[in-house]
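Here you get one chain, nothing else, as structure tokens; it is the form predicted alone.
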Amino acid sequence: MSASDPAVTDLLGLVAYGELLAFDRLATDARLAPDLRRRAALSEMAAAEIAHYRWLADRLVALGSSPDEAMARYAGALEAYHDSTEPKDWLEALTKAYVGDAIADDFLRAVAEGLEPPDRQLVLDVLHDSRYVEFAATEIRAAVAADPKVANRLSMWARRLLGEALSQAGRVAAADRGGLTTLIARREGGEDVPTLFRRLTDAHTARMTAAGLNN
């Protein structure tokens, strides 16, 4: 795959804008934290996201692409997802980080299999740290244990997150020049888009169960 392959810049632009938005969201959601320990945890997540954005932007420049132009194609779909899933409280923010970010990570991890090194490794490196996933899951499980009624509310919220994520994935595909579809087809095994989405949904179901939520 050549460095000028548009599939590379398409995916890196998508990931870069996702990281930029994640920084904004986590920095805002940290203010919902009930104490300083939890606020610091989300703030650390936000710091990691902006560092990841810089890695991706630098790589796009090295490939001869403008980060702004590479990201702009997907701005509408990603912003629509975050605008439609604004958390109302700390637990909704955690669930969005746990469920929404994980769906995005699963998708990007799958698409990145169609890249050559070093770009494949770059995408894998910017995926969310498992420490933060476990932090969110632990907080959710503790909240459910303290008040079982919380499980129903957060389960409904998680189902909405899944629906919005898949809906906006369709908008991403519509905005794409075919690069992401090409990368999916390049993956070992030749999985098509509908099959990939079914696998993402299955992973979401397992993740819900692990956090003590209902599907």
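As the structure is a computational prediction, the values presented were derived from the model and not from experiment. Residue numbers here begin at 1 and follow the sequence given.
Below, we turn to the form predicted in complex with another copy of the chain, even though it does not appear here.
**Q** Give a yes/no on whether residue 162 approaches another copy of the chain to within 4.5 Å in the model of the complex, heavy atoms considered.
**A** So residue 162 does not count as contacting another copy of the chain.
**Q** Looking in the model of the complex, any heavy atom of residue 36 within 4.5 Å of another copy of the chain?
**A** Result yes; residue 36 sits at the interface with another copy of the chain in the model of the complex.
**Q** Using heavy atoms and a 4.5 Å limit, would one call residue 166 a contact residue for another copy of the chain in the model of the complex?
**A** Because no heavy atom of residue 166 falls inside 4.5 Å of another copy of the chain in the model of the complex, the answer is no.
**Q** Verify the contact flag for residue 24: yes if a non-hydrogen atom of it lies within 4.5 Å of a non-hydrogen atom of another copy of the chain in the model of the complex, no if not.
**A** Residue 24 belongs to the contact set for another copy of the chain.
**Q** Under a 4.5 angstroms heavy atom criterion, identify the one residue in 155, 182, 43, 65 near another copy of the chain in the model of the complex.
**A** By the 4.5 Å heavy-atom cutoff, the listed residue in contact is 43.
**Q** Check each of 71, 104, 97, 111 and return the one that places a heavy atom within 4.5 angstroms of another copy of the chain in the model of the complex.
**A** Checked against the cut-off, the match is 71.
**Q** Need the contact residues for 41-59: heavy atom within 4.5 Å of another copy of the chain in the model of the complex, sequence order, or none if there are none.
**A** Stretch hits, in order: 43, 44, 46, 47, 50, 53, 54.
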